[in-house]
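Form predicted alone, single chain, as structure tokens, below.
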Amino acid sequence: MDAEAARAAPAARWERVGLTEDEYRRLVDLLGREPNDLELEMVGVMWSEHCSYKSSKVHLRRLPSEGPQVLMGPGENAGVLDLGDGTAVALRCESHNHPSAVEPVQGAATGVGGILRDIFTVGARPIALLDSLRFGPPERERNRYLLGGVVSGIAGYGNPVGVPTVGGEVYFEDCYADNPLVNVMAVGVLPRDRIVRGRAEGVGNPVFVVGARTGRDGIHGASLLASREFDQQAEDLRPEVQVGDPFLEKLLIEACLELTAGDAVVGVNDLGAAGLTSACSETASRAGQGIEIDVARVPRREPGMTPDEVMLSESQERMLIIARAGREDEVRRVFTRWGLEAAEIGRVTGDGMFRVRDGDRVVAELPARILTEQAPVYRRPAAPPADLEERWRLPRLEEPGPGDTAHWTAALERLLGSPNLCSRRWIWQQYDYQVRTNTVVVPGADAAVLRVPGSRKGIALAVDGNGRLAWLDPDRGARLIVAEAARNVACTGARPLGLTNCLNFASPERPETMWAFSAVIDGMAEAARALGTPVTGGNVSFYNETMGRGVYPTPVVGMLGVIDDLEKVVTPGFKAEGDALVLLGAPAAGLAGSEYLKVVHGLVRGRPPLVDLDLERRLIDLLVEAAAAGLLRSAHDLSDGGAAVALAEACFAAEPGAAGAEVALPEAGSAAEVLFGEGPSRVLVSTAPGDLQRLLDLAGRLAVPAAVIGAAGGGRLRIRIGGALAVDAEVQRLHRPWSEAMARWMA
């Protein structure tokens, strides 16, 4: 079909699969003919934003992804980092935003199932889940409905499948009311020499689909649900959301890990977005081979399914396995033993073609590379928002001096009971975070810590994101997010090793969206390089907007660190009365983008600070070395809510008798800035009085500022600024609004 004929084709032909007219013409040129309906459907889903990354790919290449610890980087189902001693760890973060807006329980549940499959696809046993969630203000009924449904979905899948949900974060902003964000991170461990890749290698090798039967759920989920903005009520799209079965997934995990422990398997791929179409084309393309399958041999759970439905179904708990020729019976035996189906549906070919048969009839035939490598790539127009400088302007705030104790104590209470700072216990108590008994530090700390099975080592995990900072300044905001994630991991005594990300944005067709996206990539890349934490892979989610209203640019970072001796793990709570309290790092902190500014003054304004990445790296070195030397009793990051909130939280998590603190904070600005400023590179630590000088000497050697600010204990939190008493309250009084707020909303 020539260009003139393509122009004459009915517009509905390309529009119904989510392509533009130019993309349709490109496809015709690549094929040298007009595609049939199934081929067009397959290209439509693979060239969707969700599958092809056509708007983000040119920018993602700027992220650092290599390092001596990186065993497998972007491009596979999950990244893999070397832990040493022959052990490796797989990590990946994914979004399930649009499905969760449509049907929060199943949207979140299938997000958990999908990210777990990414992990055991590479041969790793999943050992942990973390989630990063965004909703509209909890005062509104629909936002509470979405939060409750998402948490129920995460718990309803993660708990039965036997993988602990050990950490996460949740934030509330108006911009997420119509577009909640549900990002899930998963981590698994595997032998260093047993990494499985998603490649269809070896001409003649058999191709199996294993696990659940194929149904009609999720068809067009990648192309028409996840790759467009909402222009209708979310509830009307429920048929496009998949339904998960965690008990079947548990069986699938065990069967796949048993099979990949041997040498019968050449490659494995998850049947996630775009189902068989993506799994087959991706594995063939990665290997530079072809693949031929027969849809008539795919087990189905619904009668009368067409080849189009089989190829586009996003039914959950399914995997594609490329086995070695002659080992077919071994594959069947393993899956039969676990009560699962393993159907041989095709073979690897050497002609580079993706050929789909329906019995004796060829129903689709096109080069695999057209679906993957030859998808369009765009450098979309980018321009800063017209009101950027207005966002940076902070109005003059009329506030009392530090001696107005009643005012500042009340402000602290108000912040502690606010949606973004109150306790998340209502959420994480619904998760089974101790299943498999490897969880050493449970949810609620700066980072979770898990035991590496069979080892004295541990891994620390944190997810961090701050859309407010990225909206104010995407480059600086991204740097701050990476730095905070690394700092949170280091607060446990772990050395940050690498990260995965989930990048949530509005429509890429808006120049301001692409400007923010590009700036986030630059900021994240700079911070990752400076801190030695390469990006192992991740996910991009565009079109998070409804009726023209988009979310904040929301980059989420999942950071992983390693600690050599679990006996040296550090947690946030004070440990003993009389322990010295030390503020490590930069003393100054502004109010730009802070919770104080939003909660007390109703403002999201100011330009976030430019983090000193060299100081951040030295601070991380100090935390790791001090923890290894046994000099730290506790450590807690001073980000959300600033010094006053961090002190209160350390009191809430204190050992019996250690709650409370008498401190004098260095004067570094107004009372609000000293108490509630959220600048980077700052950590509150406690140490035994006998170890204080050693800690200060170590800080001096690493050129990290260190200020002794007081002592733990006493049952009250008393904070002085320049001799004036700014905050004075019993810890129990402060604890009440912090601990009760979320449960009260959700009641």
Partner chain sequence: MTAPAAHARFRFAVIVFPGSNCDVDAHRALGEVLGQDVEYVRHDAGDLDGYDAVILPGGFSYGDALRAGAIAALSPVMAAVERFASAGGPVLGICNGFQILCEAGLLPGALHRNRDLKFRCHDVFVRVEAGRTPFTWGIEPGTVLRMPIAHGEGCYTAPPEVLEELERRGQVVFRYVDAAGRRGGDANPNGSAHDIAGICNEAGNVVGLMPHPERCVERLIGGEDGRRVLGAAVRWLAARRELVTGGR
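Everything quoted here is computed from the prediction, not taken from an experiment. Numbering follows the first chain given and starts at 1.
FYI, the form predicted together with its partner chain isn't displayed, but the following is about it.
Comment: its partner chain is not present in this chain, but in the predicted complex one of R197, K575, R380, K250 has a heavy atom within 4.5 Å of it, namely K250. Between its partner chain and the residues N143, N159, T87, S518, the one pair within 4.5 Å by heavy atoms in the predicted complex involves N159. Residues of just one listed stretch (627-635, 433-441, 489-497, 666-674) have heavy atoms within 4.5 Å of its partner chain in the predicted complex: 433-441. Although the partner is absent here, E567 is a contact residue: one of its heavy atoms lies within 4.5 angstroms of its partner chain in the predicted complex.
Residue contact with its partner chain in the predicted complex: W426 places a heavy atom within 4.5 Å of it. Within 4.5 Å of some heavy atom of its partner chain in the predicted complex lies at least one heavy atom of R451.
Within 4.5 Å of some heavy atom of its partner chain in the predicted complex lies at least one heavy atom of R337.
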